[in-house]
Ligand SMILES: Cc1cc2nc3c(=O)[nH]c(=O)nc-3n(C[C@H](O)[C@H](O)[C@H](O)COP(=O)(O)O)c2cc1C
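Here we start with a single chain on its own, the form predicted alone, put down as structure tokens.
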Amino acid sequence: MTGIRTRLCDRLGLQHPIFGFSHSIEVTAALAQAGCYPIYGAAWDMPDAIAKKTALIRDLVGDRPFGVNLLLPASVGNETDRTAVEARLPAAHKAFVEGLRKKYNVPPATQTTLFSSQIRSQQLFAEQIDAALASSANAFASAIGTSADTIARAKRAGKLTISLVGSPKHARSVKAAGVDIVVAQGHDAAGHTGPIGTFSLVPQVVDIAGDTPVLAAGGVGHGRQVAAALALGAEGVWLGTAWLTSTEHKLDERLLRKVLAAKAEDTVISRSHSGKTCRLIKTAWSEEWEAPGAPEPLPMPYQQVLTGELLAAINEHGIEPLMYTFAGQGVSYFSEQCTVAEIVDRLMREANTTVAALLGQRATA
């Protein structure tokens, strides 16, 4: 499916103005093959894993471009001793987590994850950045805080730089730092997100960005929204939830059923995942943390130190009521499993039809 192209498509050699974010290597490769710009989410990976996975992606995509995305919150400090941090966690919070383990009969985890074995720290971020910049990835993207020094360093490494922002204030900061592309991520989005809705945020960021291209993110699930993003001044869209139901993602069947059945109102903003506001599929996990008597989630990175082992066990053993995933409000548009190429084709077909209809209305006005 061809049709809509933007300045950014011509600049980057893309068939479609779609940037696709995923933690899946297979989805990343499929997006490249579908003519989009794939961004591999590496925030959950240790530095050595980033090196290995980006090498594998390069083998799969050939000379097509792809990027790596990291989460770099400036609010996270320098503590690296996870054991010492665990010892200082509030007793009431530990008791609550143990209560969940017993209530849902969760066996101990036998496999570790980043969050069950590490603590997010500036040292970990620095090592992840080193690995991303040393990789063959063409772009470096980051969210929840992108320092001017990091942007400058990525540009010196020859990377296209992309920053996700949730407010005009942050857009001004990354614009001043010289970032190549700004992603205006609205409240509708999956994962860590701010309070401003996508349609309110995008035009403000476009005005601030000037000649710097802007992508619209948050709740995009239909081609009408792709067309609307372009009408607001964006040069493309950034999608993540779209690929969860793709055949390439191979999402756990229990989670897949939840995502396929979910509507916009089945997502919830919760601090229970990381300590920061984060949009998730509503499950018993988020509901337990919202229940009367539940403690307030701890700030990042302490919430993930508190819950890391339990969540690793929940996912390893498939404790279905507590399993969740990030999902934006656009999840309503993904009620059947399709390939990445089929999803891209649908979005662009719908977008082209929308633009043609608008032009037809203008011609007859």
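Don't overthink the numbering: it's just position in the shown sequence, from 1. None of the values given here were measured: they were computed from a predicted structure.
Same protein, other form: the form predicted together with this ligand, not shown, and the subject of what follows.
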Could you tell me which stretch in 235-243, 82-90, 127-135, 100-108 has residues with non-hydrogen atoms within 4.5 Å of this ligand in the predicted complex?
235-243
On the criterion of a non-hydrogen atom at 4.5 angstroms or closer, are Trp44, Ala190 and Ala217 all touching this ligand in the predicted complex?
yes
Sort through Phe66, Tyr302, Phe326, Tyr333 and report the residue having a heavy atom within 4.5 Å of this ligand in the predicted complex.
Phe326
Quick one: from Ala143, Val179, Ala171, Leu201, grab the residue that has a heavy atom within 4.5 Å of this ligand in the predicted complex.
Ala143
4.5 angstroms heavy atom contact with this ligand in the predicted complex for Ala262:
no
Though only this chain appears here, would Val226 touch this ligand in the predicted complex if you measure heavy atom gaps against 4.5 Å?
no
Looking in the predicted complex, any heavy atom of Ile162 within 4.5 Å of this ligand?
no
Tell me, yes or no, whether Leu255 is in contact with this ligand in the predicted complex, where a contact means a heavy atom of each within 4.5 Å.
no
